[in-house]
Structure formats: structure tokens, C-alpha cells
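Have a look below at one chain only, the form predicted alone, in C-alpha cells format.
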Amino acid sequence: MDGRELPRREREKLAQRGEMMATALDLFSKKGYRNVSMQEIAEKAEFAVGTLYKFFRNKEDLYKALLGEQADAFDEALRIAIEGPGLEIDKLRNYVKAKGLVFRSNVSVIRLYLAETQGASLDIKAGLDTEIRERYGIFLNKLASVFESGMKRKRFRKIADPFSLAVALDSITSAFLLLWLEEPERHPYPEDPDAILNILFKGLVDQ
């Protein structure tokens, strides 16, 4: 059932929740997670604080919801990229493009996560990191299956096991994105995915 088929009251609730989360993200990004209260979020969003608590048990719950939705967006975009039609090399190109797009389209959440995971409370990290690690492991196995398929069809040489190649490619793309995040003009994320893929596919040493 999509949003247009929901009853009006349910649509209104979804809209309220979205407004609250957008306001929280804005405040967290500007002031830091620990420096923002539920009262401040409610006031900025122009809702009663009791209404905010109807949607989220506490500030940690709201924070996890923000990052959870970001993780959902990443999972969906990357899943579509590597599970679509085409040769394995095309799927890897789609992955590099999709990861760059979804990362750069959600900079506020990315910066928030990077900042807060260095000093967030143990309660947040205990629940959140476990979920993110599980998501990451599942995705790496999906990415590894692309390499495995290419090897079985003799399109890729078996220079390493598929899972190691998945980890390597994911790490390379993340490194490029973190460089872009810090200095976008100096380190633009490559528009041509082969600029990243060739790091794996074309070695440094001539044979």
C-alpha cells in the first residue's frame, strides 16, 4: 500500500513524523546530538513535545530512526544496482555510481553519523552498530556474489576470493567518498566508475 492509499489520518501521521525527523536532523547537524533536547525539536517543528513522544520513545530512538532510514535508502539503492540486469562488470559500475549518488545526496545524515559514533552514548552505539554491522555483512555477501558470478562465467580472473574483492571495492569507494566529504573540490568523486574499478581490474605492475 502506497501513501496515496492510506487513510487521511495515517497520511497526516506520516507527514508529522517526517517533519519531526527533518527538524531533528537539522538541529543535530548544527548543534550536535548531545546539545539538542526533545523539547527543542518539538518547538522548532511547531509540535507539542507530547506529540513528539507519541512517535519516538526518547532522543536515542529518534536518532536511531534517522540513521535507520538512511541505511534503508543505502540498502535499496545498492541492492537495485547489483541485482539488475546486465553483465557483472555493469553491475559493479552501477554499484559505484549508486553508492556515490546516495552518499552525496544525504550528506547531513552521513556527517551526523560520523561525528556521533566517535562519542555517542553506549546505549546508542550498542543497538545501532549491531544493526549496521548486520546490514553491512549481508550487503557484502551480495556484492561478493557478483564477483563470484563473473568468475564462474570466466569474465573475471580469480585473483582473490569473491568476498575479499567485495570488501576491497567497498573500502575503495568509501575512501573516495570520505575524501570528497572533506574536500569536494580537491577530491571529486569520480563520475566514471571505471576510475575506481580499474584500481582492482588493472594492477600497478605490468606483467
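Here the structure is a predicted model, which is why all the values come from computation and not from measurement. Heads up: residue numbers just count along the shown sequence, starting at 1. If you superpose the two forms and keep the largest set of C-alpha atoms that fall within 1.5 Å, you have the rigid core.
There is also a form predicted in complex with the DNA; it is not shown, and the following applies to it.
Just one listed stretch, out of 152 to 160, 165 to 173, 51 to 59, 64 to 72, contacts the DNA in the predicted bound form at the 4.5 Å heavy atom level, and that stretch is 51 to 59. Residue contact with the DNA in the predicted bound form: Phe47 places a heavy atom within 4.5 Å of it. Residue contact with the DNA in the predicted bound form: Met38 places a heavy atom within 4.5 Å of it. Shown in the overlay between this form and the one not shown, fitted on the rigid core, is a CA shift at Val49 of 2 Å or greater.
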